[in-house]
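This document starts with one chain, in the form predicted on its own, laid out as structure tokens.
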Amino acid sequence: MTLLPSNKALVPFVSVDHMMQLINHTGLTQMMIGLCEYIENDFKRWELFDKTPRVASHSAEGVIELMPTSDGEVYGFKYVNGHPKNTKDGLQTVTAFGLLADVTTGYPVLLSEMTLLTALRTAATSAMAAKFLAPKGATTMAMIGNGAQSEFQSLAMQAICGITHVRLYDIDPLATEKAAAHLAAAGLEITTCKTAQDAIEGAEIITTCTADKQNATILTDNMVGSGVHINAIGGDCPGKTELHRDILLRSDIFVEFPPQTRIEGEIQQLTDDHPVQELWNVISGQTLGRRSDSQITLFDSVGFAIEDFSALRYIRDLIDGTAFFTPLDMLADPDDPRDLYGMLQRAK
């Protein structure tokens, strides 16, 4: 991609409004497919990237995190929060923005909202993992937790994995009603369920996405039969889990970056030497994902900076030649780069 904008002092900014216009212009299905391709390509070159667990600032109300990475040519980071209590005040649980910069100059080349984009990239990553780990020909997914992520998760599975039927459950019936209306309009067969147990009946893929930051047991061991793929995306910080530990002991576990997942994911319940597999090895063809019909596969997803890097890279390429961004005057550009003070004085 072209790194520097035509005017090096202006940085493209994709606002929430522009992101919505871009998604609607491109089509949500095509966006999911495009994001999945970019993420998959970056997973195939995983070893090139700087990798570090996200930097987190925890409070009683939630968490604020920075997620940085670089492939040696481009640097990217995301700022993101997680505050489950926000919904009571009519606020989003998660908000985010991200930036790309040219490693050669250090100049930023893209600033973007990432509240919507994170929902899309999380869903695209889930579907990418399911493409390699779920039973072949899977048509039914249980979606446990019907909040802001649920529609994106379901639509990504439809677009990338061919899911036709979604079984919905949430402790809040209004959340399930909301998700059911949206997903039925997208052409999916929808079943609303009264319990998590009901939701997983006949499902080949089980996605858990709940918001409360606690060690919860959304799925118990007796609920999970052989041959399913579990997409556990709700765990994202220390002390927050969704699955009973015994499920983990029966599963082949795939993760993004073990040092981060052992702190934040379902596997924080296990010993540090419990074997897990890195998803990039499966994506790159170095190891097999699903090996048998009876195998339980578990994608213990907490979100990783490379996925955000891929999403920002995709948006950077997608907005080229469009009007779906605003050029921001973010960078000082004096005639003489050594005379920043003179530029200030001349501005009088």
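Heads up: residue numbers just count along the shown sequence, starting at 1. All values reported here derive from a predicted model rather than from experimental measurement.
Just so you know, the form predicted together with nicotinamide-adenine-dinucleotide (NAD) exists too; it's not on screen, but the next bit is about it.
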Stretch in contact, per heavy atom within 4.5 angstroms of nicotinamide-adenine-dinucleotide (NAD) in the predicted complex, of 158 to 166, 247 to 255, 142 to 150, 270 to 278 | 142 to 150
Since exactly one of 124, 179, 205, 209 fits, which has a heavy atom within 4.5 Å of nicotinamide-adenine-dinucleotide (NAD) in the predicted complex?
-> 209
Assert contact residue (nicotinamide-adenine-dinucleotide (NAD), in the predicted complex, non-hydrogen atom within 4.5 Å, options 128, 110, 218, 183) equals 218
When you measure heavy atoms, are 12, 21 and 326 every one within 4.5 angstroms of nicotinamide-adenine-dinucleotide (NAD) in the predicted complex?
-> no
Using a 4.5 Å heavy atom cut-off, state whether residue 118 contacts nicotinamide-adenine-dinucleotide (NAD) in the predicted complex.
-> yes
Looking at the partner-bound form in the predicted complex, is residue 87 within 4.5 Å of nicotinamide-adenine-dinucleotide (NAD) by any heavy atom?
-> yes
Answer for residue 289 alone: is it within 4.5 Å of nicotinamide-adenine-dinucleotide (NAD) in the predicted complex, judged on heavy atom distances?
-> no
Can residue 93 be called a contact residue for nicotinamide-adenine-dinucleotide (NAD) in the predicted complex at 4.5 Å between heavy atoms?
-> yes
Check each residue of 280 to 310 against nicotinamide-adenine-dinucleotide (NAD) in the predicted complex and list those with a heavy atom within 4.5 Å, in sequence order.
-> 301, 302, 303
